[in-house]
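Presented below, as structure tokens, is a lone chain in the form predicted alone.
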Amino acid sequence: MNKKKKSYIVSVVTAFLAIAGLMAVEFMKPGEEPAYIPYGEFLNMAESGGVAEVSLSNGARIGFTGPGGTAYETDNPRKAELKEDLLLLGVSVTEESSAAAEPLLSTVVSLVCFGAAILFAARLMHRQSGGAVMAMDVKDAAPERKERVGFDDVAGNEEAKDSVSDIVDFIKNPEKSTRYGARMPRGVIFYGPPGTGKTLMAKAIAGEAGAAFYAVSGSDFVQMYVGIGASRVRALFKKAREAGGAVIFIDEIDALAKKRAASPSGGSDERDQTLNALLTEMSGFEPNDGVVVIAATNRLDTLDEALLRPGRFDRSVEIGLPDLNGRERILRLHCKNKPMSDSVDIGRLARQTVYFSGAMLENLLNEAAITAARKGAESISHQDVDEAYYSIIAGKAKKDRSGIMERERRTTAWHEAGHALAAKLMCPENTVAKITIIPSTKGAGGFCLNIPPDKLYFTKNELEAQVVVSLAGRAAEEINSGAENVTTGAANDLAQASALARDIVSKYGMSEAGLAPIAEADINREHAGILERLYNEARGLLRANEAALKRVANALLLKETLNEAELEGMIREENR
């Protein structure tokens, strides 16, 4: 809708409202107040011929006029015979009804409603015909120029940075590639787990290239009305072309571009129209117009194949979880603006945070900073970082433990001792950073923090060792109290062990059935067999080392928390 048409509609609506308002004001405007005459005096005036006309109503007072036309009012006696008496005296009588004003009032109300309806319709037409909403709200797609982010601000993911570094050169110097007959990639898909820095990497590309950065979400395009999403796509790409060098970042693109299926509507629904518009716009880029589209998703397998073909999204770049060196660089980057104590060992913390994403590492240091601020400390200490770390992993330790029965403490101690001992014996490469029987706010009675090393893949023996460690808590309870007294405390362990055992059979092909297709009933049978065998292995391992198990459990009952050095010392002493 152009500005002229919009102005015309606004003028019409304004005129309607103004007329209605003036009529209402005129109708409700009070006249001059008539003089009040007591009722007795009124009767005397009527009998002597001093009343020319009376206007009867149901109100508290009635109006009348004298011979000279002067207006008066008096009290209304509400007598049924008053009209007859006045007529007999020769007085002209009229009757007023409250309904007399209704036609005019009804007209005013109708005009107001009609004007409001026109205003609403005008706004709706504006939204559905290329107006501000369809053209994408500025807040939804604003070129971010306030804080430039570069590759120096992106720690870890060095391979991903190498994969996109040439795009920066393409945006900055499009002529350079033209000489070699190369075209800039039209689109790049970033995929990987949440929190790994996909948005940050896109910002870094725009920052390094000095290009406008338009950030939107896939859900911004999915609208209730057919055609709005497609219009938003076209408007966004038009903005990017006008800006020259630009990066369009579409987060959560799977909300917009899931695999399409045949639909009764023949593919004309809103999602398909929006996706088609996106594909058309990407195909319509000039070879080197300096615009690149970067999309992010956690589920690459759900995207439509048409989106991933060359000429649309030419590259798929994994932004994965950082490795040990990457975690250390990320931690040091986030430490720059924080007063860290010399007691904080960043290298040790990086080893502890296996499977942490960049966002989780930032949150860890932020929680540590909040803890230090709450204490009023001068700097963030090792204790603050540890408290934040264990709070994220298992929840904050409960301060009031007076309600815990001694029998439950003993069960927890044996349970966690079983996990810790099995971890050290079955997975010597792992780090058992902490064993505690202090309950947490997340509902755990205690925990054994068993940290695996960074690995690309696991062998069958390593997977089965993980299952043994998970089942060792229940096995230790049985050794301590007997099979009839095991508790529900192992519920989470059993769920993890069961899921991993099932993956060994159905996902990794490591069972007796091997790689052959296997029926569900056979999967269940193999799965149950693996769990039974590995539980017996866990129980046998702990019985063979029962002295060490008992020593660790008693130490936990005494101290409540043990570290890896203390655990290893107790195992060595029992094995002498």
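Values in this document were obtained by computation on a predicted structure and should not be read as measured data. In this text, residue numbers run from 1 along the sequence as written.
Heads up, the form predicted in complex with a small molecule isn't pictured, but that's what we're talking about next.
Comment: 333-341 is the region of 477-485, 333-341, 240-248, 378-386 lying near the small molecule in the predicted complex, near meaning a non-hydrogen atom within 4.5 Å. Interface residue among V154, A350, A212, A368 relative to the small molecule in the predicted complex, by the heavy atom within 4.5 Å criterion: V154.
The partner is absent here, but in the predicted complex a heavy atom of G358, alone among G218, G187, G358, G229, sits within 4.5 Å of the small molecule.
Contact annotation for H415: none of its heavy atoms lies within 4.5 Å of the small molecule in the predicted complex. In the predicted complex, the small molecule sits within 4.5 Å of a heavy atom belonging to P193.
In the predicted complex, S163 stays away from the small molecule, with no heavy atom inside 4.5 Å. At the 4.5 Å threshold, heavy atoms of E362 reach the small molecule in the predicted complex.
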